[in-house]
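Just one chain is shown here, as C-alpha cells, and it is the form predicted on its own.
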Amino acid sequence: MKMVVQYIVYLGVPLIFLAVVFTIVAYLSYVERKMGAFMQIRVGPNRAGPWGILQPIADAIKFLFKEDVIVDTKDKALYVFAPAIIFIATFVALAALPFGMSFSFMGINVEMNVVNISVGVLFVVAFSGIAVYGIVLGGWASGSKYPLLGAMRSAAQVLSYEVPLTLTIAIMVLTYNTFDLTKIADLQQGTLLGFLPRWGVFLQPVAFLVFIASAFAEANRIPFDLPEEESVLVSGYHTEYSSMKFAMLFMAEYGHMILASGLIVLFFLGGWHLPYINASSIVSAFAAIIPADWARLVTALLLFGVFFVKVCAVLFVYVWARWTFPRFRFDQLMSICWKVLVPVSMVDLVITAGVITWLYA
C-alpha cells in the first residue's frame, strides 16, 4: 500500500503542476481579452461557450490544425528549433518553483514542487535566462527585418534588465541567507515589529519595486513590450511564426509571467503562508478533528490554494497594466534600467550587506 501511495505521489505532483500551469496559461489569454474588453467598453470573447469561457479550448484546437507555414530561409533548423528553446527553458525554470508546504503522508515525504533542489534560486535564474537565446535565434533565422529588429531589441532589453533583477535576487538571498525557495517562503512566517507580516515586501520594499519593474521588462509586457511593438515591428520576433510554433511562443510568454509572479510571491508576499498564522497551528487545528496524516494533507491543499490566489493576484496586475499604461520609447526603457533601477538596486544591496554584517558581527 505504501509503495502504491509513493508512486501516486511521485506521478501526481508533476501532473498537478502541469495541469495548473497549462490551465493558467490557457485562461490568462481569456482573462486578458475580457479585461481589455471591459476597460474599453467592448464585449470580448462571447461565442465559445457561456460568456466565452471555452475560447481557450477553441484557440488550442485552431493552433493544432492550422497550416504550419515555414518561411524560405537558409536557417530552417534554427527557425524551427527557436520556439522550443524558449518554451523548454521557461517551463523547466517553473519546475523548480515550490507551490506549497512539504508534508508527510503515510510515512512518505511529499515535496510540493517538481524539482526539489537546495539552490532553487540559481536554477530558476539560469534557465529563465536561456529563453533570450531562442528569441535571438528565432528573429535571426526568420529572414525578415521585423523579427530581426524585435530580436535585437529583446536581447538588449532582457540582458539589461537581468542586471537589476539579479541584484534584487541577491538582496533577497542575503536577507534570508539561503538559496532554497522553500526555506525563503517558510522564513516569512511570523510578524515584523509586532504587527506587520514578516513578508519580503516589508523587509525590502525598494527591492520589491525594482523586482516588479524588472520582471515586467523580462516578460516583454507593456509598458516594456518594445520587442513586440505592433505599430512598428508588426509582431516583433514572432512575426513569421504560425501554428504550434507561434503557440509555443505564446505559451512561453505567459509561462514567464507565471514564473515571475511565483518568484514575487515567494520572495515578497509570504509564499503560501497566511499572515499572522503559522502552518503548524493550522495542522494542529485540523488534527483535533481528523487523523494527523489527513490534517497535514488538508493543510497542504489549503496553503496551495493560498499560493495560487496570490499568484493570480500578481498576474491580474500584469494584465491590468497592459490596458492602463502607455508604451515607453526604447531610449526611455534603457534609461530607466541603467540610470534608475541599477543604481538603486546596487545601493540597496550595499546597505543590506552592511546591515547584515553589523547584525552578525
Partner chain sequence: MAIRVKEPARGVKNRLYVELLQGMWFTLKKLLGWTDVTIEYPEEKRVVYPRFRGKHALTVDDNGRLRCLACYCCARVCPPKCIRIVAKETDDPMEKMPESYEIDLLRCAFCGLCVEACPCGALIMTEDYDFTAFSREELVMNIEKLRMDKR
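Numbering follows the first chain given and starts at 1. Quantities reported herein were computed from a predicted structural model and do not represent experimental measurements.
What comes next is about the form predicted together with its partner chain, which is not displayed.
- Its partner chain in the predicted complex comes within 4.5 Å of no heavy atom belonging to Arg327.
- Though the partner is left out of this view, Asn46 does reach within 4.5 Å of its partner chain in the predicted complex, counting heavy atoms only.
- Using a 4.5 Å cutoff between non-hydrogen atoms, Lys62 does not count as a contact of its partner chain in the predicted complex.
- Contact check for Arg42: a non-hydrogen atom falls within 4.5 Å of its partner chain in the predicted complex.
- Shown without its partner, this chain lists Ala321, Met334, Ala292, Leu301 as candidates; in the predicted complex, only Ala321 has a non-hydrogen atom within 4.5 angstroms of its partner chain.
- This chain is displayed alone, yet in the predicted complex one of Ala313, Met35, Ala58, Ala26 has a heavy atom within 4.5 Å of its partner chain; that residue is Met35.
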